[in-house]
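A lone chain, given as C-alpha cells: the form predicted alone.
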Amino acid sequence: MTISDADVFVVDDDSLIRDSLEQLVKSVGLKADTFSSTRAFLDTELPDKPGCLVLDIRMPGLSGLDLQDELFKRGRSIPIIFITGHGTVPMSVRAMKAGAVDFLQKPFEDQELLDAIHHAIKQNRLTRLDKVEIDKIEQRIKFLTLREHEILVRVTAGMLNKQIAYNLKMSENTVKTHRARIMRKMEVESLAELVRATEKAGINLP
C-alpha cells in the first residue's frame, strides 16, 4: 500500500481555499474530497482506508474544534490537521490535546501542509495496522477456556508453574498442559510474546 492509496478530506467554508487545497493535494497523487461545512463532512461515510482531515478552525455553525469533539463522541477516528488565519494559543492547545496532529497558521507554505499530510497519513496507517493486530489478539483470547484465562492472568503476572498450581489447587503438570494450549491458541512462542500481546490489546483479563 502506497501513500496514493490514502484519502485527504478538506473542510473549509472558503471556496477559493478549498479549490486551492484540492489542487495541491491532487498534485502529489493523493485523492482529495472537499466539504464546505462541518455538517456536510459529518454526514459522509468515511472509507475504510488510511487518510486525514484538513480542517479550518473557524466556520459558521459547528466550528472545526466542535467537529473534532463530535468525531470523538461518535468514535470516528481520523488524524486532523487544523488550518486557521485567526488562531490563538488556547485554540491550538485545545486542538493538540484532543489529538490533532498539526495546527497551521494561514498563510502557510504548500510544502508545510504536504509534510503535515504525509505525517498524518503515516500515523493513521500505523494506527490502523495496530487495530488489526489488536482485533486478532482479542479474537484469540475469546477462544480460551475459563481455566486458561485464569492461568493466563497468572502467567503474565510472572507466577511460576508451581505457584500457579498451588494457587489453583492443581498439579504442576496440568498447569504446563494448559500453558502449552494457551501459547498455541494465542499463536506465540515465548512468554515475552504472550505478555506483549496482552499488554498491546490492553485487555483486562478475569
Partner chain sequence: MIVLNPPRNYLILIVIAFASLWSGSFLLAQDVSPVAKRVLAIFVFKQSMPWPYRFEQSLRAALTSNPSYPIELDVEYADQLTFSKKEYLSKVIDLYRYKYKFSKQKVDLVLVIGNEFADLMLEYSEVLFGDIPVVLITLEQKNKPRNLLKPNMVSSVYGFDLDKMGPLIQSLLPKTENLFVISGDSLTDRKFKNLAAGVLAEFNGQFAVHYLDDFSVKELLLEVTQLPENSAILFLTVFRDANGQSFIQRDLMSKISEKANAPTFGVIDTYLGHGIVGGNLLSAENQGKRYAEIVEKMLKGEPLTNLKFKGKANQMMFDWRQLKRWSIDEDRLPAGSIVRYREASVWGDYKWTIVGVGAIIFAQAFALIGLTIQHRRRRLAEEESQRLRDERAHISRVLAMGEIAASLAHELNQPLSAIRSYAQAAQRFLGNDPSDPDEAIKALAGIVAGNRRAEEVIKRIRMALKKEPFKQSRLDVRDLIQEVIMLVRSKAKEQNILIRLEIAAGLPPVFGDHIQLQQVLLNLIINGIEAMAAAGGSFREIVVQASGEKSDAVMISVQDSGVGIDENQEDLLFDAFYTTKSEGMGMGLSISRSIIEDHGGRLWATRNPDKGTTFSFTVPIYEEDEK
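Residue numbers count along the first chain shown, from 1. It should be emphasised that the depicted structure is a prediction, and the values quoted were computed from it without experimental measurement.
Beyond what is shown, the protein has a form predicted together with the partner chain; the following relates to that form.
Contact check at 4.5 Å (heavy atoms) against the partner chain in the predicted complex: all three of 17, 24 and 86 pass. Proximity to the partner chain in the predicted complex, taken as a non-hydrogen atom within 4.5 angstroms, holds for one residue of 119, 131, 106, 76, which is 106.
Of the residues 159, 32, 59, 141, just one reaches the partner chain in the predicted complex with a heavy atom at 4.5 Å or closer; this is 59.
In the predicted complex, the partner chain sits within 4.5 Å of a heavy atom of residue 110.
When the partner chain is considered in the predicted complex, residue 63 lines it closely, a heavy atom lying within 4.5 Å.
The partner chain in the predicted complex is not approached by residue 168, whose heavy atoms all lie more than 4.5 angstroms from it. In the predicted complex, none of the heavy atoms of residue 189 sits within 4.5 Å of a heavy atom of the partner chain. For the partner chain in the predicted complex, the listed stretch (133-141, 24-32, 43-51, 176-184) containing residues with heavy atoms inside 4.5 Å is 24-32.
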